Each structure stands twice: as C-alpha cells, then as structure tokens.
Ligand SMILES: Nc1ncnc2c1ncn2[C@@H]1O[C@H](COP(=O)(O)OP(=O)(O)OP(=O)(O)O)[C@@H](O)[C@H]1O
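Before any questions on binding or motion, here is one chain by itself as structure tokens, the form predicted on its own.
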Amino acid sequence: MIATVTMNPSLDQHVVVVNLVLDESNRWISYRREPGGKGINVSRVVCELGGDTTAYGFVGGFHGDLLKTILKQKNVPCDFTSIKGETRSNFIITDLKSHRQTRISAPGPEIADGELKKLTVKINSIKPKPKYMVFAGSVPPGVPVDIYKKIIEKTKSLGIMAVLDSADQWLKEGVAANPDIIKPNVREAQALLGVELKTEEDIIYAVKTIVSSGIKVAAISRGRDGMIIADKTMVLKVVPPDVQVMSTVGAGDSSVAGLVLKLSQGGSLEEASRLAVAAGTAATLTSGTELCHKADVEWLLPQVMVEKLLF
C-alpha cells in the first residue's frame, strides 16, 4: 500500500473564461471543484491506475468536509486528521483566448501542536504498514519547518520507504533525513543544490550528486523534456512524446504516483520511470485540476523513450 501525507490540502476551484479582462466583470463558461494538495493528487492517480492507497493529512471546516465528500465520490480512501481551522481554497483561472493559466494559492490554516501530534501518531501506527509513504507539498502555518525531516526519520525507522516531493525550505530540511526518493523540478533542484542547472549535463550531474548523498532515487522533472532519474547504478533520460498540453496542474504529482506505484509492484527503475513520465504527460491532456486518465497513460506508455546514460 502507498500512503500519502498532505500537510496542506486544498479545495481547488477551477474557472474557465474566454477572455480575462482585468478590472472588468468576467463571466466563466465552466467551473469545477476538485480535492487539491500534492499528496492527495498522488493518491488520486494511484487509484486511477489501479493501486492501493490511503490519503492522510489535515482537514477542517466546510471546505474540509467537501474535500472528503469528493474523495469518497471518487473512491479514493482517506483518513484525515480533523483541525479547528478551515481547509484552504485555491483558485485556478484558465483563459481560453490567451491559453494562460493563473493560480492563486492560500497559505493554509494554522495548525495547533495537538493537531500535529495527532497526525504524526496516526501515520506512525498505520496497520497494515504501507510499503511507501509519500510526503508532498507545502506546510501550513504553525508546523515546524523541519517537520518532514522528523517524520521521514521515524518512517524509515519503521521500515517504510519515504518519498519526498516538496520545495524551498521544506525540501532542504527534508533531504537531511535521506528520504528514499525525491522528485524536484529543475527550479527546486537548483534551489536545493545552490547551483544553476542550465544544460542536460548539469541536470545529470545534479541527480548523481543527490544519490551520492545517500538518497536512493533522485528524479528531476523537466516539463515537456521529461525526466532525468538516477539511482546508485544508472542514470536514465526519459522523454515523452509531443502532446497538446491543456494544463500542467498535477503533472508532477501524477509522475510521482506512477514512479512509486511501479516500484511498489517490484518494477525496475526503467519501468517505473516510463510509467512516471506517461502519467505526468497524460495529466497535461486534461483541463484545469483534472488529473490523468488510465486510458491515456496506457496509450502514452509505449511512446515514452528511455535512454540509459553513462554513469
């Protein structure tokens, strides 16, 4: 089983307009609400691809109740920790004329010490024990910046494979615990390593540097160019086919889901990276906050090119 932990879930509200005009009244042509948060997205995709998962994290208030209801409707198992605060709501505005997408994200509710303790106790006592636990996304106010480091250390001591997909200070603190897998994008990897990654050679050097530090698998996502991924024995360049991109929301989370799902099934790094890129690419075929569809993933899978690079 793959457990996911989303410290800062959201109710994502997606509005589509034909021509967004600032300082004017605009009418939307479609509107939808989806459960948001990187870990929740990973669980949604694992379910879509036929895997076993449960989503953990904080939820509260009306938005939290609605988030749980929508996940239940989508048959995504969840076991959230209730909080007094209101789950945040994010907004995504897609302009069909300009083909631009604007995201407005909230910081999230304040988390009390007791609420944080309840969550950590819960995820440390999951039965049966998951094979992988994915920690993803930002951390809400009131939660220590080194929270990922602390819970990853505990997770690994329990014999659970830890996966971290975060950014900024949360990623920097989290990698100190040597999670088994990390998947930053190029910008996040640059900030983590303190170097510019201008070329493919730079990115190859970066994944090698990360795995040499004690992390088992490092994957750096490159958008349309796919992914460079490495463990201690090989470096792979994984490239998707050209597709018409509708939205990039959730593409990285879909990649994490594909990667971890295949590894949890005993697949090789090559097989896992192929599924990761197929799932991430499939997510770009859907609009707004909608994630990948299994049929699209299966269609794309044989078209993903995997090249072994010199280690």
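This one's a predicted model, so the numbers in the text were calculated from it and none came from an experiment. Numbering starts at 1 and runs along the sequence shown.
The next section is about a form of this same protein that is not shown, the form predicted together with this ligand.
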- Taking 4.5 Å between heavy atoms as the contact cutoff, choose which of Q265, T54, N26, T248 touches this ligand in the model of the complex. T248
- Note which of T87, T155, T94, S221 lies within 4.5 Å of this ligand in the model of the complex, where distance is taken over heavy atoms; exactly one does. S221
- Can you pick the stretch from 122 to 130, 199 to 207, 180 to 188, 138 to 146 whose heavy atoms fall within 4.5 Å of this ligand in the model of the complex? 180 to 188
- Message: How about I40 - does it come within 4.5 Å of this ligand in the model of the complex, if we only consider non-hydrogen atoms?
- Response: no
- Taking the shortest heavy atom distance, is G36 within 4.5 Å of this ligand in the model of the complex? no
- Query: G258: heavy atom within 4.5 Å of this ligand in the model of the complex?
  - Reply: no
- Item | Contact of V277 with this ligand in the model of the complex (heavy atom, 4.5 Å) | yes
